[in-house]
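One chain comes next, on its own, written as structure tokens: the form predicted on its own.
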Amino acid sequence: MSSWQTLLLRVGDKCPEYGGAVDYKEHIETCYGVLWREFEHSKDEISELLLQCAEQLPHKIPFYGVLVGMINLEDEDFGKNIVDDLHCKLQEALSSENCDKIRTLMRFLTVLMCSKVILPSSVIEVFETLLSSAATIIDEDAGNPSWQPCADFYITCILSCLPWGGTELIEQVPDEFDRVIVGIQSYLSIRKHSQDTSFIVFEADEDKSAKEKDFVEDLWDHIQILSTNGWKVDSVPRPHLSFEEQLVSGKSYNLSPISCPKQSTSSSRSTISRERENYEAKLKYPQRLRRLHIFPSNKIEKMQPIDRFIVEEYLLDVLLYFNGCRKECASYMASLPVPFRYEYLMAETIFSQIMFLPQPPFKPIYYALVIIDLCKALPGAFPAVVAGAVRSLFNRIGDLDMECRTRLILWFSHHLSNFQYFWPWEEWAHVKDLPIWAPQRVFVQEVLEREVRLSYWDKIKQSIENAPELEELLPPKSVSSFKYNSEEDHGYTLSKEFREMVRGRKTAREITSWVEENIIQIHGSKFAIEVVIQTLLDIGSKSFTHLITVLERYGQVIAKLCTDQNMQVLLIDEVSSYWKNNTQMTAIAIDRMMGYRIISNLAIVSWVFSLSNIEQFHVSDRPWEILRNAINKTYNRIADLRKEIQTLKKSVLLAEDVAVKALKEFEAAETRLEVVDGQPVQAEKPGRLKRLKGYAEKAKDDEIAVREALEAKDALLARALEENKSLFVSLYKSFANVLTERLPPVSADGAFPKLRDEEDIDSMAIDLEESSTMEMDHDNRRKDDRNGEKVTHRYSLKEQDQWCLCTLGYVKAFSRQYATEVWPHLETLEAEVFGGDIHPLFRKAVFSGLCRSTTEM
């Protein structure tokens, strides 16, 4: 990388390239000097990299805006080309509905206006275009209110530009700017308040969301406060002010008009169709951040509300554009161009992304690695902040969405594995005295179980030596439970003989015949499944590879025994029995068996909702993990088929094109004539004609083969979608059955039963202001010394209520996670499951997960 490229990338950073200084004016002057020396030879490369930096390092856009302005003073064509390229990129982003690019390019547009490269009137025109489109979208007659998320996004883009250019706009085009503000006020007065209960992380906040301001309303309030304060923003660098005397003499350009894509207009469609369209709009134009507010107000850094918003934007931008480059990501996150500390805000933002619903923007492991690198980059500050966040979340764990709870468990266990599993477990030792269904106890239990997966039992036991009480929550050390260890065990001889046949490399057919003659005919199919599965699992218990080898080699034997769903449920029972002390191997074995189509997803659903598993719903993640794996595998099969079909469709078009060209070439050669001795004869040689004919026939055969492959994949997809529908019907029926039996009845006046009182919610809260160590609050059943006094910790929720809360939480989580697959089958589900006398709390959980309106309930 040449020096000018390095300087351009590192401008504004505290780095060796700029002598370790953070003087923005000096950085820009140095960078501009080097760029101008290289300008004659690398004009196009400089233009391209500047635009790329503005897009992918948006927290440094003010510096790049000034550099464009400085070069524009010397070469007006350069500035004009930048503006034209920016227009093309912005229009392309709008047409392709690329939210991140639209937002970033809008910010760059505003900054270029501050650097006198773009006319303020052009910026106003862009704002008014977005504003007009937003107003049209939510119009009942001319637009489609289902797409309000798109309209809200356009308004958010306008508002989020103002901290970067509000001062200049109000100075240079005050009347036009006021017109935009009035337009935004008018839009806010007619839009509907956004209430996404499906995406709320803390269940207790669900009722508050209707009263609290949504993201757009909140940002509007921040902008109004900013306007009152004279548009002074600490978190936005304004380097153009240092070069204002020079930049003012530069030529400013008009930005060509842009257009927003038109959304389909509303019509007399069914309620389900409109709600589905609104759900799709929320996915296409997602709210970028949902704040968690983990820390109390006395812990979070003091800053203006708009500064909080801007720093959050910076952090999210860095996470977005450095996905895959974790060390660079952590480095930029730790050194944002702001004059105040923001470690607590940074932790809140990262955790908000880990728990972002319905899905985090990136894989959770990315955020986990960034947190690890930030702890190493800021060893004196960030580890303590992360620990405080964990303690705060732990104290609200009973109120946490079930999917978010699982994510927190997975992240925390992985995080500890990178720091020698060190944690002050004595702070949580009291959970051992809580009921087995208490969320805090279950959380600690699941974290320890996940840690054992990542390490080994003795290591994890050693890590909790300061809290020996927690050893009771460790999973059992023994890993397998083979039924035939002793000659006294019924089936020992058959198992031994079967093992010898496997070791003797007998074929699957030979073993199947032996099982039929020696076990099934004498002892029955159920006993045969027990002997075969127990023995094969024992043979494959040494490692994951051994297990896969056994299943690949003798899967046919198992499949012959388990020809129907009831037998497959017995098979899963045996797997669970053998690995009863090892949840990980149980999940892996069942997942692989489903992969080899030995067992079906319906059999797994049936097994998960068997009585023994139902009783674990609120005390263990074991049945839920197996159910998640089954639904994920079904979903992945469909996703893979869809990708293959898209590829084949492209191949069909390509094969068609090749076949047509080959046929045309052959026909042209065949009809080409020449005159010999006054008579027309064929011009092409017979050998070439034969070759061209062969090419044409082969191309046609290839086209037919690709079409047949596409038809086969289409048939497989249709079958998979039918299986998927059956899966969700079975899943929701199972949920409905178990919940109907256990949920409290609806009162005579139609009021929903309350599973958790306000006191229960308050008892899970923590007063973080009292203690820097963030100890547990007084309502949990634990006795420790605090200033010489005994503190009692308890969990007052009854087991039945906790079971209902957990199960309803998973109903909502599954509905939300697989909503895109559930929506196409919603009419069938309405008819077969959700109609009639279904319990309203169950219906509410499903509707909430699918982002359906629950107002009529």
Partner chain sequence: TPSFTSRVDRPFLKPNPRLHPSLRNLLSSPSIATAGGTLILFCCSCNPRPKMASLFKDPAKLSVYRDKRFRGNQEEYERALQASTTVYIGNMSFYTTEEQVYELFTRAGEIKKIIMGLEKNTKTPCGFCFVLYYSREDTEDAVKYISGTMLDDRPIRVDFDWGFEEGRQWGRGRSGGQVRDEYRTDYDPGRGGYGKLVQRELEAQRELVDYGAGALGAFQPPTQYGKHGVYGDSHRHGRDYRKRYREDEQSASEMSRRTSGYESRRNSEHDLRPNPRFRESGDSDDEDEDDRKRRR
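Source: prediction; values computed, not measured. Residue numbers count along the first chain shown, from 1.
The same protein also exists as the form predicted in complex with its partner chain; that form is not shown, yet it is the one meant from here on.
Contact here is defined as any heavy atom lying within 4.5 Å of its partner chain in the predicted complex, and by that definition not a single one of 141, 193 and 652 is a contact residue.
323 is the sole member of 323, 264, 95, 480 with a non-hydrogen atom lying within 4.5 angstroms of its partner chain in the predicted complex. Between the options 564, 667, 615, 708, the residue in contact with its partner chain in the predicted complex by a heavy atom within 4.5 angstroms is 708. Its partner chain is not shown here, and in the predicted complex it never comes within 4.5 Å of any heavy atom of residue 423. Not displayed here, its partner chain is kept clear of residue 337 by more than 4.5 Å at the level of heavy atoms in the predicted complex.
Residue 800 falls outside the set of residues with a heavy atom inside 4.5 Å of its partner chain in the predicted complex.
Contact check for residue 53: a non-hydrogen atom falls within 4.5 Å of its partner chain in the predicted complex.
In summary, the region of this chain contacting its partner chain in the predicted complex, judged by heavy atoms within 4.5 Å and restricted to 315-323, 691-699, 213-221, 160-168, corresponds to 315-323.
The partner is not shown here, but in the predicted complex the stretch 536-561 reaches within 4.5 angstroms of its partner chain through a heavy atom at 539, 542, 543, 544, 545, 546, 548, 549, 551, 552, 553, 555, 556.
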